[in-house]
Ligand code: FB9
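Just one chain is shown here, as structure tokens, and it is the form predicted on its own.
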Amino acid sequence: MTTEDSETAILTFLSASPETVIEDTYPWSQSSNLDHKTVVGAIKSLLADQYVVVENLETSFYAFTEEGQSILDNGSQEILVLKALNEAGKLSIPDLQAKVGKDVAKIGMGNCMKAKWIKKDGQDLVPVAKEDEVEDTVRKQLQGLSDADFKIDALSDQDAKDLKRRKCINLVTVKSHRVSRGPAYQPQRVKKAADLTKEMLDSGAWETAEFKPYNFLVLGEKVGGGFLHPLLKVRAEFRKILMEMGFQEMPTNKWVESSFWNFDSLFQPQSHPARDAHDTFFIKEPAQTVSVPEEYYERVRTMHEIGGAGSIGYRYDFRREEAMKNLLRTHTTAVSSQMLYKLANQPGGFKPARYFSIDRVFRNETMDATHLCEFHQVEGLVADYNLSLGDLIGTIETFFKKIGITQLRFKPAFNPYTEPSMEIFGYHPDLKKWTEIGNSGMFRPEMLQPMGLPENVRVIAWGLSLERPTMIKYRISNIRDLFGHKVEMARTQNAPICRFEDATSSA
């Protein structure tokens, strides 16, 4: 039955006389073979146009569960267990479970033992009473409830509590209505027009048609729109800070790189564990890059095999097929090496530069609360004459102060393409401990010389993930709640604008 059918049934029932009312829609809908939810929907629609007047009612009653109906039909578990034992004389527990079922045996045995209807004889259970000598109290209570039309007062508080504990009954509360004629009552519903149409104007029906009142104060539909992900908000703030420091953004829109730019140009040996498939995603199609700068390739190969710039190299046979493999870049330093090569070979010769990048990188890692197979790397580098470790520390301190991290520590570390290298630690005020927030170093001469950079040019560089400061900023403990297919969309919508306090300005 549709809502319109229910509306017609209600108006027809009320048409008998002005005094006719529907005392309670719940029993009325059952007697009229109507769905109560549909009837309630029809009443709300009629109420809006004042066809009816409504009083809210609330009715509570008990209803049988599946367990309760089964007991009413077949008897309680204790009676079924007692009957089975009387029929067999005695039964072991496994045999009893096989005869009446595990659930029935479990509940029935306990109740029978408590009532002293059965006892244990070694490994067997034997009956003490016969089923016609005892009363099935639970079944009798359920039968009495059924005979009383499931009314609340049909059971005492203790009986109701016991039956609920045994999951035989549930308390059901139904919200219903008392319905009578309203000021605009008519035996038939006349729908009011919502809009003035061309057909109404052509036929003249608009002159007699009733229209729904317009509410000029109601707000329109909320305008939807896109929302910036927390990572993008932090990225935008980092870009702003780095550009204020005079850095120029590198083009990082190419996720697939060759092993030459990702590893070889960084003086990372071809036998390095990071180049294994367990750590790096290699591309199947196309499996190899088209080309690399040949004269630069030869200089890199020579540096690996023989050495130079005071180094003896790695002393192995450099393989072209390994260098030409395509992969998903494992760091944005692959882009840094290309930018430095272009910087060294640009018309007019080398000029000092500052570069940065913030983009996605990929590593074949086991995923957990702090690691994903893809993440974002923030990288900055400065290429200039006669730079020192002090310049690197000063640049790092300036950047982190601008994002509000003033307590920094540096720890010596090893990186294949930087020497010296330092891990960066910052004090986390929430966790009350020092935590690693980045890595840094000065690019090795073995990396810079093949590029063609002047001998006294030094390159300082540092990097960190974008996810870690974002998780700290937005108090996110699991990286999978920040990035990936399990992200809650409401978090993205409600995330506040990212603002990092410049510690230097507040000092």
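Predicted model, so just to flag it, every value in this text is computed and none were measured. Sequential numbering from 1, following the sequence displayed.
Another form exists, predicted in complex with the named molecule; not displayed. Remarks below refer to it.
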Contact of Q97 with the named molecule in the predicted complex (heavy atom, 4.5 Å): no
Contact of I472 with the named molecule in the predicted complex (heavy atom, 4.5 Å): yes
Contact test in the predicted complex: Q449 vs the named molecule, heavy atoms, 4.5 Å: no
Contact label in the predicted complex: E365 to the named molecule, heavy atom within 4.5 Å: yes
Site test, T252, K342 and Q346 vs the named molecule in the predicted complex, non-hydrogen atom cutoff 4.5 Å: no
The unique member of F150, F350, F375, Y355 whose heavy atoms fall within 4.5 Å of the named molecule in the predicted complex: F375
Candidate from T38, N439, S45, T65 lying within 4.5 Å of the named molecule in the predicted complex - any heavy atom: N439
Stretch in contact in the predicted complex with the named molecule, which is absent here, among 464 to 472, 50 to 58, 450 to 458, 26 to 34 (heavy atoms within 4.5 Å): 464 to 472
Residues of stretch 409 to 429 in contact with the named molecule in the predicted complex (4.5 Å, non-hydrogen atom): N415, Y417, T418, H428
